[in-house]
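The chain that follows stands alone, in the form predicted on its own, written as C-alpha cells.
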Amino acid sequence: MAAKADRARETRTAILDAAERLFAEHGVGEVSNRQVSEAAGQGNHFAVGYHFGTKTDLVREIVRRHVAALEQRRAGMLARIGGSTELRAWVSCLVRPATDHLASMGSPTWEARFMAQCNTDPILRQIVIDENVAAPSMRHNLEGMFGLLPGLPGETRKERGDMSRLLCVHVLAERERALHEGAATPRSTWEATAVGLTDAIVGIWLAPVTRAG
C-alpha cells in the first residue's frame, strides 16, 4: 500500500510539473489533458482526469502548490516586521516571497509565466486571487497594509490592488522568460527586481487620488 501511495504521489507531481511548464509556454487553453499526460510520461491519457479531475481542477492544484511554497516565507517576513508603520515593509512582504522563491529554484522556472497565463482567463484569474487571499499570511499582509491607508476610497483601493497585482505578475513573468531565453534583464538579480517592484508598488499606493470630473 505504501509503495502504491508513493507511486501515486510521484505521478501527481510529474503531472503538476508538466502542466505548469506547458501552460506557461503555450497557455492553459491551448494544452489538452492528453498532452499533459504525455509530457508527464504517463501512458494512460486519462491520467490527468483520474488524479485531478478537470483542467480547472488541475490549475487550482498548481496554484495551491505555489501558495503553499510562499506561505512560510511570507509568515516569517511578517513576523520580522511586527507591527511596522512603514508601508514599504508591508509591500515588501507581498513581493519578496515570490522573488526569493524564484531565486531559490534557479533557471528555468515556469511559475511566474504560468501565473501570467492564468491572468488572461477570468475564471482562472479568480482562482489565483481566491487561493492567494485564502492564505493566512496574505490576509495578515493585506490587513497590515490597508491599516496604513485608512483614507483611501474603496474603489481606489480595488483599482490599485489590481494595478499592483498585474505589475507584480507580469514583471516576474517577463524576467523569468528573459532568464530562460538568455536575454538581458533590467535588473541583474531577483533581489534587485524585488527592490524595484517594491518601489513601484509603494508609489502606486501613495499616489494622489484625483477625482474624475
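Sequential numbering from 1, following the sequence displayed. Just so it is clear, the model here is predicted, and its values are computed rather than measured.
One more form of this protein, predicted in complex with a further copy of the same chain, exists but is not displayed; see below.
Highlighted residues 122, 174 and 207: every one comes within 4.5 Å of a further copy of the same chain in the predicted complex, counting any heavy atom. Residue contact with a further copy of the same chain in the predicted complex: residue 186 places a heavy atom within 4.5 Å of it.
Contact between residue 25 and a further copy of the same chain in the predicted complex is found at the 4.5 Å heavy atom cutoff. The closest non-hydrogen atom of residue 140 lies beyond 4.5 Å of a further copy of the same chain in the predicted complex. At a distance threshold of 4.5 angstroms between non-hydrogen atoms, residue 88 is in contact with a further copy of the same chain in the predicted complex. With a further copy of the same chain omitted here, the record of contacts in the predicted complex names 161 to 169 of 41 to 49, 62 to 70, 141 to 149, 161 to 169, defined by a heavy atom within 4.5 Å.
Of all the residues from 30 to 46, the single one having a non-hydrogen atom no more than 4.5 Å from a further copy of the same chain in the predicted complex is 30.
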